[in-house]
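Listed next as structure tokens: two forms of one protein chain, kept apart as structure 1 and structure 2.
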Structure 1
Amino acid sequence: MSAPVLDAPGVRTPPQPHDTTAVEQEPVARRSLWARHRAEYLTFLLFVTPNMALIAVFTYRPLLLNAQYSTLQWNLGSSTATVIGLDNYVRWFTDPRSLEVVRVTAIFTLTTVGATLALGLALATVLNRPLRGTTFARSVVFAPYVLSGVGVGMVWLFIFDPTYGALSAVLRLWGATSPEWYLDRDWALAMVIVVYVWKNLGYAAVIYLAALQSVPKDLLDAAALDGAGRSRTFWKITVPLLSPTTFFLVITTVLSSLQSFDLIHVMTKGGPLDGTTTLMYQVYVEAFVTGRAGYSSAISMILFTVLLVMTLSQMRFLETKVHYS
């Protein structure tokens, strides 16, 4: 199939034979125009249909089905379901437990995003300085981002072990005792947040680094000439110039934080006492642990709405930014 005919198109100079045939076939060309297009269309369909069919079945179709499921009282695996309209939504919005889930989701999202961005920017400014070893450090810092959340959760679970963990050993060296990370709601949430930031920090740092490298050098030089110190230059020039990157990172990290699952499932299973149950985790638990698939679908529609608003606001922003520059 892949016979070596057209290896270097620029090198081949004499493609004359084709020209003459084209001239010979001139009268046929008009008639064969439609036929040639049809071949083109068929090739297109052949190339594009498999992927689009899979996307339709496994992405679009669920989107619609979820909306329908959310109006059912239906247990996963059961063949019967009752249509109950918006009752699942009413139930979620009137359940005091939902308020707790929203609180945990908000704390988790705000702290992970805030810490990831602040530490990421700090790290990026250091990585941007002309120091030896920054290339190495950059890839080391990024590495956790590509690792399995399950594996990362397991490693840190051991480190946080109140009796045998490395952290408690270090705390004992300082004469302190380790808190019961797994048993206390607030400590458990703090633990998951720390690990989440550890895993995702490198991403923010690398994105910020790319943005820092495009900050015009003469602008910084001019500020230095005007007598602005390093921190003044940073806050008054660099940070404002980075604001589009910051906005982009806020949106993308909020989206992924709202959808995080692996770490929570491995480290706390949403506990203790729902202390680490986020909206995303509740979607999973209701469908696949409790089995209330209809109720789960309603919650997943609520989460989807939140995510959609975030995504649309990002697109809106990017649009205005394009007009700006």
Structure 2
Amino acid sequence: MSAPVLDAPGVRTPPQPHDTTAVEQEPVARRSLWARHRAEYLTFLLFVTPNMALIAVFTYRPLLLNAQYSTLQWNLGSSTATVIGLDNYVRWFTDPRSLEVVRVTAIFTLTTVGATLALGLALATVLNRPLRGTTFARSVVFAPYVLSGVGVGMVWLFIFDPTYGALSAVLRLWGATSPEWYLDRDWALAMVIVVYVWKNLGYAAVIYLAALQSVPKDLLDAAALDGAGRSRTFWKITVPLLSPTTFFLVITTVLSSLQSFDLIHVMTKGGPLDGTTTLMYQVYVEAFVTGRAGYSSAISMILFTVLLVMTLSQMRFLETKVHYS
């Protein structure tokens, strides 16, 4: 039996039986909620279940199979495989070539993401002004993004040709000579970065342009009345209001840059001397050139882990700097 409760000095309230009203009403409320929204729940399951099944079959099942293959000593096309545990991972982390691949991947990703966002914002700011021909200019800027990476790479190969290319002709007019774009590691990486930024610049510019057009005009007018110049208004009002767009573009462009393959394959094939071999391209080389499918699966799992960690880190640290209102 429970002890009596003191309600006031000298007054004791007799112990009350346990109140089960709330506990008894909770299942009733749940049953009532299900009964009242049964049609909505069934409709939700009808539309979601097929999509979830397709995602499970075509996304998560290959991921799990790839994780299994990464523990095998297996060559592409071979009918036999040997379970070797984590040896493929140990081999990659102890291979001196891996450090060079990580260096190239880091340079390529940081440079392309930074240049794409900075140039995209600058281009969107220009296209946001009411000038003649702006609509046509927006179409021209966005067009490279929808072109095939293979086609873009083939065209730029002719432009960068040291002997017959358009770029070498322009340099000769200024009395300069064209660098050996295909033979020098640093120039080859710079060439691929330039083409990648050119192709994807329109995507960032269009997204930034839509965000610029949603900036409240009364805030800009108020800043002008307070005597703020264009530069101060841009950095103190426009840029903070664009932070959700910047946050979105950082995540999507980082993921896209780390998975870039077509331009590298068409223009340099990872060379010269692995000067343009990124993690993504190394996965392809190990699987379809050297035929080490198990080792390639381990590298792809490492790349997947890098993508996952970078995405979660960006959402954890960058989202705190975003202003949604």
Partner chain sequence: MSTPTRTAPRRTAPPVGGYLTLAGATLVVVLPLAWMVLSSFKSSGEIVSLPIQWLPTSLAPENYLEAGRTAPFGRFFLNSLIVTSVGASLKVILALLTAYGLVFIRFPGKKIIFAGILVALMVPAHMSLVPNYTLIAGWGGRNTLWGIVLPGLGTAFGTFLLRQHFLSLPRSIVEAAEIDGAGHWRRLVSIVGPVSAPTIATVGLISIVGEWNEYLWPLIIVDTPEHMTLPVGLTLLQNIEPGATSWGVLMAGTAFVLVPVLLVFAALQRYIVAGLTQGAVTG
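Residue numbering: sequential along structure 1, first residue numbered 1. Everything quoted here is computed from the prediction, not taken from an experiment. If you superpose the two forms and keep the largest set of C-alpha atoms that fall within 1.5 Å, you have the rigid core.
Go through 1 and 2 and tell me the one that is the form predicted in complex with the partner chain.
Only structure 1 matches the form predicted in complex with the partner chain.
Does residue 58 count as moved between structure 1 and structure 2, where moved means a C-alpha shift of 2 angstroms or more after fitting the rigid core?
Yes, residue 58 moves 2 Å or more.
Would you say residue 310 moves its Cα by 2 Å or more between structure 1 and structure 2, aligning on the core?
Comparing forms between structure 1 and structure 2, the residue 310 CA shifts at least 2 Å.
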